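Listed next as structure tokens is one chain, alone, in the form predicted alone.
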Amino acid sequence: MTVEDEEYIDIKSKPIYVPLEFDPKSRWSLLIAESEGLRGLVDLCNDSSAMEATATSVMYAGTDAEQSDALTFFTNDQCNLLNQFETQDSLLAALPQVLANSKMGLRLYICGSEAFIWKVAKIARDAGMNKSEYNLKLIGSKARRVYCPHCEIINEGVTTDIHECQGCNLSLVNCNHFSREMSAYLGYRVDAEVHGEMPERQELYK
């Protein structure tokens, strides 16, 4: 089976993204985004008249210009607290404590690159939240996190159908099977059946 063939197979584990929708059953809303994902949060607030500013908080990481845009939109009329972070990593580091201090009825609305939103989803699961309590919207880079079963590391920022593992240097196929537990796609050795047989690499994602 070639990488191209796999695109036509229904991979049930592959994430499917739908527009964010406010959950009217929620008591508290935490909006989380990085970079271009800000657009998704703004759209959600504009489309959700039932979302109360007093029960809505925002965590956002982006450039200085993007953070300025966030400040312009997320006034006291839109949310009760806006926490801005210089980097994605600093936001992710702060999130576990925020969730630990949260109250029952919390819902997360998460926007950004595929790697970012699934990192946030994993932190949410580790905090005891289930998938009905967080909503994911892919906006921005589709670069993937790919798990290598040979050395058990996760490769970040994969944009090609075949890539060299950052841990063991084996050439891996970037396939569509996705593990929510690891928040990563599965990779497997491209020349496992015929050693040294390497198809031409293709750029798939930005």
Partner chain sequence: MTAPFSNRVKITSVEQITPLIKHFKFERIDGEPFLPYSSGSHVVVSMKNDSGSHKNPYSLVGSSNNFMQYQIAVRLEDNGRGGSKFMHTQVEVGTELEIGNPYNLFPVYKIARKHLLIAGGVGITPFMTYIDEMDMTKGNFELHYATRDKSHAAFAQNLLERHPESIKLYHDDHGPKLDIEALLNDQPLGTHVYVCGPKGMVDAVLKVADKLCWPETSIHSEEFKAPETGKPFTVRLHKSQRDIEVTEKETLLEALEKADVEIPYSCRGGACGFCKTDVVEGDIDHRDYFLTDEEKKSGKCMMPCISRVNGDNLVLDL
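Note that the structure is a prediction, hence the values are computed from the model and not measured. Residue numbers count along the first chain shown, from 1. Basically, rigid core = biggest C-alpha set you can superpose within 1.5 Å across the two forms.
Note that the form predicted together with its partner chain isn't included here; everything after this is about it.
**Q** Would Leu99 show up as a contact with its partner chain in the model of the complex if we use heavy atoms at 4.5 Å?
**A** It does: once its partner chain is placed as it appears in the model of the complex, Leu99 has a heavy atom within 4.5 Å of it.
**Q** Is there any non-hydrogen atom of Ser141 lying within 4.5 Å of its partner chain in the model of the complex?
**A** Output for Ser141 is no: heavy atoms all beyond 4.5 Å of its partner chain.
**Q** Would Leu92 count as touching its partner chain in the model of the complex under a 4.5 Å heavy atom rule?
**A** Answer no; every heavy atom of Leu92 is more than 4.5 Å from its partner chain in the model of the complex.
**Q** Indicate whether its partner chain has at least one heavy atom within 4.5 Å of a heavy atom of Asn130 in the model of the complex.
**A** Yes - in the model of the complex, heavy atoms of Asn130 and its partner chain come within 4.5 Å of each other.
**Q** Please determine, with the chain shown alone, which of 37 to 45, 64 to 72, 163 to 171, 24 to 32 has non-hydrogen atoms within 4.5 Å of its partner chain in the model of the complex.
**A** After filtering at 4.5 Å, what remains is 24 to 32.
**Q** Since the partner is left out here, which residues of 145 to 175 would have a heavy atom within 4.5 Å of its partner chain in the model of the complex?
**A** The stretch does not touch the partner at all.
**Q** Does the C-alpha of Asn46 move 2 Å or more between this form and the one not shown once the rigid core is lined up?
**A** No, the C-alpha position differs by under 2 Å between this form and the one not shown.
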